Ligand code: G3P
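Presented below, as structure tokens, is a lone chain in the form predicted alone.
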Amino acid sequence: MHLTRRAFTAATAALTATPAMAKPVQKPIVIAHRGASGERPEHTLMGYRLAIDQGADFIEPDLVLSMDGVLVVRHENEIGGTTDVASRPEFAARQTVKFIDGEKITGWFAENFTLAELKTLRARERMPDLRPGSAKFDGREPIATFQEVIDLARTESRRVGRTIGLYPEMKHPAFLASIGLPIEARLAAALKSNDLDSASAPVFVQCFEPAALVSFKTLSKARRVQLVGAGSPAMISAQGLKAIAAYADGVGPDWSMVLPTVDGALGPASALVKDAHAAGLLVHPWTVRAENRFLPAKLRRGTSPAEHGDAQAVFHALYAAGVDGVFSDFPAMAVAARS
């Protein structure tokens, strides 16, 4: 199956419902969180390819900016934890301290490097103690640009014969704007230049900062998703969700906001999905991980934080709650549970 660029932008009806439908899709989408990041270093092309082979519908690139304004793919603009920059003597003097979203952070930052310099670095596993198998792939790939991920999605769509969508996250847009590197317009331009500037394109643009999504709405027709952390319960109240629906097409809550933990086990589903659908919003919770460290006590197996517990129980309960999609570091598990 050969997907043209036009077909790539249009072939999403089977993957998602339009926001106006305000009801769960028949088949929730599986979003590969930073790729198959439970098994390969996050945000690497090899990790995205593995996720696609495992059946993921969308791949998620977190976006930051280089000094010369190029969209690059890293979990944070601080790159010391996900690359080998700390071991590179030529960049030792670039270590610095910044205040980002009220937090003091010491490290190396993408916006202090040109794209050419970033390309000399190599990706590595962010949590090697939990994921030693992934850490075996350290050093194999450079930092990817967003354009390279777009190209990968298009190439892989042709290879596997189905549309692979993109789910980019704008990281720290207010901070980037404060240093003269606004990200919203750059992302909108990238989508337009790749014929992805439409509500039917296989794209969701996500962010934790409402102002960035409001701004992005004026720049692009691509669908938008408001991310919500567990510490922001007001945002997922019925009233809060109605407010989100004024500028977004979906909401991405911490999965615990859909499935509260009660006495170390999964409790009954909250009203979040019902209320979001009533407001016309899709619901894509994040992020289901397999390791004991990230699971409720009664779903853990063994004694090591790195051992895999019963993540399937979380997937099954989320699907039963009516979510429209789910983020996971282990796409194969999410696909298996959906089946």
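Counting begins at 1, following the sequence as shown. Since the structure is predicted, the reported quantities are computational estimates derived from the model, not experimental observations.
Beyond the structure shown, there is the form predicted together with the ligand, which is absent from this document and is the topic of what follows.
Choose one stretch from 151 to 159, 168 to 176, 99 to 107, 234 to 242: the one whose residues place a heavy atom within 4.5 angstroms of the ligand in the predicted complex. Going by heavy atoms within 4.5 Å, the stretch is 168 to 176.
Determine whether any heavy atom of Phe315 comes within 4.5 Å of a heavy atom of the ligand in the predicted complex, and answer yes or no. No, Phe315 sits far enough from the ligand in the predicted complex that none of its heavy atoms falls within 4.5 Å.
How about Glu60 - does it come within 4.5 Å of the ligand in the predicted complex, if we only consider non-hydrogen atoms? Residue-level check for Glu60: yes, a contact with the ligand.
Do Phe137 and the ligand share at least one heavy atom pair within 4.5 Å in the predicted complex? Judged by the heavy-atom cut-off of 4.5 Å, Phe137 is well away from the ligand in the predicted complex.
Leu191: touches the ligand in the predicted complex, heavy atom cutoff 4.5 angstroms: Answer no; every heavy atom of Leu191 is more than 4.5 Å from the ligand in the predicted complex.
Which listed residue (Lys119, Lys217, His75, Arg94) meets the criterion of a heavy atom within 4.5 Å of the ligand in the predicted complex? By the 4.5 Å criterion, the partner-contacting residue is His75.
Judged by heavy atom distances of 4.5 Å or less, which residues of 30 to 55 approach the ligand in the predicted complex? Heavy-atom contacts to the ligand in the predicted complex: His33, Arg34.
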